[in-house]
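Coming up is one lone chain in structure tokens, specifically the form predicted on its own.
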């Protein structure tokens, strides 16, 4: 939310002065207005209209108490028609220091550029008091409307006069999403069927139709009949807008271990156990919640999912009769209760060849040789070479000399 907005200019006889502000009295005192000010303007004035080296650029300032952030774009227009041959002003927005300031940068820049053009055209700012035209809005009315419209609608379109209109919109700034890998599995966070329509991109619609929480990116690309690169781009767009999340490929040979956040599940923080029950139990009788805690805490770095299931079966607890294991693991990873332990192959001979630049020929071909530098997990090999864990291990054992390849878990 925009807490306040104000227009300041430099007066040769009086220095920096706040000419208009919204809400009234938020920056400097006004007659008849009794309200606390956001900050002491006297201590901040030299930063609102700074020296010329800081003019004509985007500037952010925090007040001494670190409660508010002032966003501005001081402007200096040089022309002989002005006193001292220059006119300096600034339209500033005040927000809380905890608020993300990036969406407001474009607004501040637009305010500076728009009013600079209007000043050059008809001295809209410098001769405000001399204007008698009833066809143009006052600056005080403009900043009031701008603040209210941006706070309420995230956009504004305000006619100023016959020749000028202020158009601005707040856009959320999202972080650039991480790269999408072919072995990742997308899971939707919303019901796309309720929002998708005929205007959507055809490639995007074909990709979305294949997102089921089970298929990896490579499989989605194949089933949607879309090139893998285009599929990754489409999924990256969905990631950017926080519409999906990415998990690892689920295989019974995967290894998972509890994270420190498992304590939140054990004490049932925010009703997490009920949420998990509704997500993972299959049709039939539901077990006491104690069993869910037991399942999570029995995962460890030395046990695959297959071995984990067998251990519980030997103890008389047939997990598969009650729990959808894939959804159980997904819930744990999404909530941060457990983490994945990946497998990597490392060949000392191949690493030495990378250092010396002399490639080592492997008898029978080098199908997996480029994956043995410790930087490629087994999920990547499975997705890109379309072979399972057992076959990967068989081929790695054939690498000469015997025992050269080691498997690292991390």
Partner chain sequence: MASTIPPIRCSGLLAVALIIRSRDGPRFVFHYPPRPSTEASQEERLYGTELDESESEGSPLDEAGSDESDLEDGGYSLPCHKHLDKEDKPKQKNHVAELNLEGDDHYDKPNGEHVVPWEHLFEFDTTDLESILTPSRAYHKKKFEMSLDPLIFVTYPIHIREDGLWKKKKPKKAKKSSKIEGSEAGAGSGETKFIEEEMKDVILDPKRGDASEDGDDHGGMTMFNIVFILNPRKDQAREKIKDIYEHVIKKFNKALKHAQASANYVWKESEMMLLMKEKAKEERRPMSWLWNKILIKSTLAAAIRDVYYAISVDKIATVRFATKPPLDLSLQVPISNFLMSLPTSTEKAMPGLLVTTANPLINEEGNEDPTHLNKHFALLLLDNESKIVAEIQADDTDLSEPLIECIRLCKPTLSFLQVAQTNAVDVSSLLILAQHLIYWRRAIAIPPLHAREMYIVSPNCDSRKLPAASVAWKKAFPLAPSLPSFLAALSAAPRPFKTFAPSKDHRPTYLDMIAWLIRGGWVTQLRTFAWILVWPEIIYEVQYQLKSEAIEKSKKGNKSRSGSSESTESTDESSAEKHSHTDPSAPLTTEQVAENARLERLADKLAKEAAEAAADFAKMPRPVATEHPSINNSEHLNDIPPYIIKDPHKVSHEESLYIAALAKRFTEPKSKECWTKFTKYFNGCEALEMIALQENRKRKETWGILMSYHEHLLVCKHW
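Note that the coordinates shown come from a computational prediction; the quantities given were computed from them, not determined experimentally. Only the largest set of C-alpha atoms that superpose within 1.5 Å between the two forms is called the rigid core. Positions refer to the first chain, counted from 1.
The form predicted together with its partner chain is left out here; the points below concern that form.
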Can you pick out, from 120, 190, 141, 311, the residue that has a heavy atom within 4.5 Å of its partner chain in the model of the complex?
120
Ok, 357, 32, 64, 36: which has a heavy atom sitting within 4.5 Å of its partner chain in the model of the complex?
64
Per contact check vs its partner chain in the model of the complex (non-hydrogen atom within 4.5 angstroms), the hit among 202-210, 317-325, 141-149, 109-117 is 109-117
Between its partner chain and 185, 270 and 400, in the model of the complex, does every residue show a non-hydrogen atom at 4.5 Å or closer?
no
Taking the shortest heavy atom distance, is residue 222 within 4.5 Å of its partner chain in the model of the complex?
no
Look up in the model of the complex whether residue 175 has a non-hydrogen atom within 4.5 angstroms of its partner chain, and give yes or no.
yes
My question is simply whether residue 229 lines the interface with its partner chain in the model of the complex - judged by any non-hydrogen atom within 4.5 Å.
yes
Taking its partner chain as it sits in the model of the complex, is residue 59 near enough to touch it, meaning that at least one heavy atom pair lies within 4.5 angstroms?
yes
Contact check, 272-305 vs its partner chain in the model of the complex, heavy atom within 4.5 Å, ordered by sequence, gives 288, 290, 293, 294, 297, 301, 302
Cα of residue 119 displaced 2 Å or more between this form and the one not shown, core superposed?
yes
Would you say whether residue 307 is displaced between this form and the one not shown, judging by a C-alpha shift of 2 Å or more on the superposed rigid core?
no
Under a superposition restricted to the rigid core, does residue 57 display a Cα displacement of 2 angstroms or more between this form and the one not shown?
yes
